[in-house]
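The chain that follows stands alone, in the form predicted alone, written as structure tokens.
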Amino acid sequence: MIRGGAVVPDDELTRTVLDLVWRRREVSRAEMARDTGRSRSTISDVVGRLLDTGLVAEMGAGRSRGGRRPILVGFRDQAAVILGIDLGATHVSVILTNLRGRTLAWRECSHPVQTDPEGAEALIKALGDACLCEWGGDRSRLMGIGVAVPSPVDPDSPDRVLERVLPAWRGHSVIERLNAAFGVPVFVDNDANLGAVAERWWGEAVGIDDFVYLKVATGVGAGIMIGGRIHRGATGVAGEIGHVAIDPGGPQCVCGNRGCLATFVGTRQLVDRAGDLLACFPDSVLAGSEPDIRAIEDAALCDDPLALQVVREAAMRLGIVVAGVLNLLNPGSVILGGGLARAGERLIGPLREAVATRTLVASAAASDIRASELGDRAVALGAATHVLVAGLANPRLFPGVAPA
């Protein structure tokens, strides 16, 4: 159990030691001293303070290297819990995790988030409460809440969404509402950015410092990771890849331009395209019904020709923009997330082909393009991970830790 009010100084060495124990899971004081270049006595003092918080614990004796067996210090993954919220355009998803990203509870519900902020905020609280009830632990162990929003987020004003994207949310403070409801710090970021965070910590991009996470859902967005950090741009709008124009004569986009990628590859656009093609594929499993995006994805997985046509067209259009990203940034990997990623190689194969014909040099075309394996929980998991990252950088965010 976390001991209340343990004093931990906010200094670089404390952060380094805590991060080291988290990453190594179990490590001796001697190894910490060796890795940090600090004395054993200094490390012992830091470890002693961390032991008082309950975030770390002595785990028993390790292997001897010729002398007395060292006592290992391990990170306690169950010491606190985190709520991660995926506030989508048409749904709310909530995950409860431990400090190792393990799912403890999960709830998801459809909701017109874009047009009903009051209802969405009430649903967030209800689903968060339901996750905490299912877990059944002491709520004082809730460390914080991460929220992913389908909008650019300015790091200097994280509680303000872009009104052009979510006009009904003008004047609504997600941070203030959730802080009042749960009494813990609240962190907000763009959904594609947090999808990239999830991939970097738990998914396809573990060990990759430079990659792009492409989220294809109601809209299309990208989380750009450079040097192991999210690239946000000057005002937080980096990664709005859905608003790259691929057809100047195309449909009007919400951003004011014409022919943006999102006007061809968003959920509604793919469903409309499937409807347009029904007459050409009378034997499709989608014929005789009003297809939705889930049905299209399921049909593609069964090699339905209509659904495959929709997926191939989406891959071709995505390929135009992905090739531009590869030519510009040359990332080590491009990871596809969102519902359409369920199509797997049926999407990735044509996408690779489209990219190969549009990249300048072979090294760009050779960038690994793959589908996420984290599924529907990726963005919510990334939101929870956002809080964990903040805690490892500032241990005072963990419950039971008091400032020096």
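Rigid core here is just the name for the largest C-alpha set that superposes within 1.5 Å across the two forms. Start at 1 with the first residue shown and count on from there. Treat the numbers as computed from the prediction; the structure is a model and nothing was measured.
Beyond what is shown, the protein has a form predicted together with the DNA; the following relates to that form.
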{"item": "R370, R352, R29, R377 - the one with a heavy atom within 4.5 Å of the DNA in the model of the complex", "value": "R29"}
{"item": "Position in contact with the DNA when the complex is considered in the model of the complex, options I71, L328, V206, A287, heavy atoms within 4.5 Å", "value": "I71"}
{"item": "Heavy atom of T357 within 4.5 Å of the DNA in the model of the complex", "value": "no"}
{"item": "The DNA contact in the model of the complex: R342, any heavy atom under 4.5 Å", "value": "no"}
{"item": "Any non-hydrogen atom of L13 within 4.5 angstroms of the DNA in the model of the complex", "value": "yes"}
{"item": "Contact flag, R38 vs the DNA in the model of the complex, heavy atom cut 4.5 Å", "value": "yes"}
{"item": "Stretch 115-138: residues contacting the DNA in the model of the complex, 4.5 Å heavy atom cut-off", "value": "none"}
{"item": "Core-aligned C-alpha movement of L132 between the shown form and the other one, 2 Å or more", "value": "no"}
{"item": "CA of V311, rigid core aligned, shift of 2 Å or more between the shown form and the other one", "value": "no"}
{"item": "Core-aligned CA displacement of M225 at least 2 Å between the shown form and the other one", "value": "no"}
